[in-house]
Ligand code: NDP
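As a starting point, one isolated chain is supplied in structure tokens, in the form predicted on its own.
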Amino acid sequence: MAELFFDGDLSILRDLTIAVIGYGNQGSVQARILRENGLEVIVGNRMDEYWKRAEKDGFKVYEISEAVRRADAALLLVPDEVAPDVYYGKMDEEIRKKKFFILDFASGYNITYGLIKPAANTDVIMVAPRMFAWGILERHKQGLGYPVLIGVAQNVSGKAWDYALAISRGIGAIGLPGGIALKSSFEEEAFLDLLSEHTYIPLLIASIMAYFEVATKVYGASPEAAILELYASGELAEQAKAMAEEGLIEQLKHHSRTSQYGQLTRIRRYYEMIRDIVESEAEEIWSGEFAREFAEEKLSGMIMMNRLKEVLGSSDLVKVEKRLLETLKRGKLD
């Protein structure tokens, strides 16, 4: 079983200046919680709307290189595809001037695929929340923690794991009810994260799109009724919550026997087909083929990603969905 941790020693961060690099979704939430926990936090960001937001939230904000110069540790919380440019363009030179530095990542991607190779004077750690930023903030308001994966790629000080746990505590993940840090690695986090994004999530969305098309265009079902049945009612979210709290199969007890029988028999029917897809995607991720593909996509200016967003975003399902969700919101407001 993986090694689990439920608390960390925050005191080892007390005399340090921590720079949060990137004040987006994760950066803004983690910076605020670190500050609430009594730590000295500054923000490194380019001069844009996020800089202004950080200032409005009461942080001292600097250009990234200056923030790193002033800091003893940094949380690099910019998107994966941007991080190498930020690190080598704004951080690496300043870090190499220091005797010692702590560099935290929220994702294993860039270390795993060698896109960032931090300086030798650096403890390289990972604290990777398994939750959207808004979910972290909501749980924090309720006095609850949340799960993170932690990893160490360089342990110059001999205390890198302690720093990973301390940051986990600092950002409100552990030391609170419901909080847990699972000992992992940069490679494992990147692999599992990508495998989710390449398999069950797109398979779910593709299933929803196919269901909608067959139900409405072949069998004449109401588009609005189909979307409500699929996800807009919130039932799918409730089922996912039950899975998280009770277990993947155990939660079926909340469904009718007709539903249970239909789901269980079709799981068996589809399993081998889906396993083949998962194995194929896993090989592309593990070998680095996807990282190469994504690097080429970035160099193109994200041509394929932007085009697919445009095409799928103009589908009949999305058009009906937009009208339905607006109607549901008006109904709630009324």
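For every residue, the number given is its place in the sequence shown, counted from 1. Just so it is clear, the model here is predicted, and its values are computed rather than measured.
The discussion below concerns the form predicted in complex with the named molecule, not included here.
In summary, the region of this chain contacting the named molecule in the model of the complex, judged by heavy atoms within 4.5 Å and restricted to 254-262, 236-244, 137-145, 106-114, corresponds to 106-114.
Put simply, L192 is far from the named molecule in the model of the complex: not one heavy atom of it is within 4.5 Å. Mapping the unseen interface onto this chain, P79 counts among the residues with a heavy atom inside 4.5 Å of the named molecule in the model of the complex. The closest non-hydrogen atom of Y211 lies beyond 4.5 Å of the named molecule in the model of the complex. Interface residue remark: I201 is not counted as part of the site for the named molecule in the model of the complex, having no heavy atom within 4.5 Å.
Only one of A221, M131, I180, I205 comes within 4.5 Å of the named molecule in the model of the complex through a heavy atom, and that residue is M131. For the options Y50, F290, F59, Y62, the one in contact with the named molecule in the model of the complex, meaning a heavy atom within 4.5 Å, is Y50. Residues G22, Y23, G24, N25, Q26, G27 are the ones in 19-44 with at least one heavy atom within 4.5 Å of the named molecule in the model of the complex, listed in sequence order.
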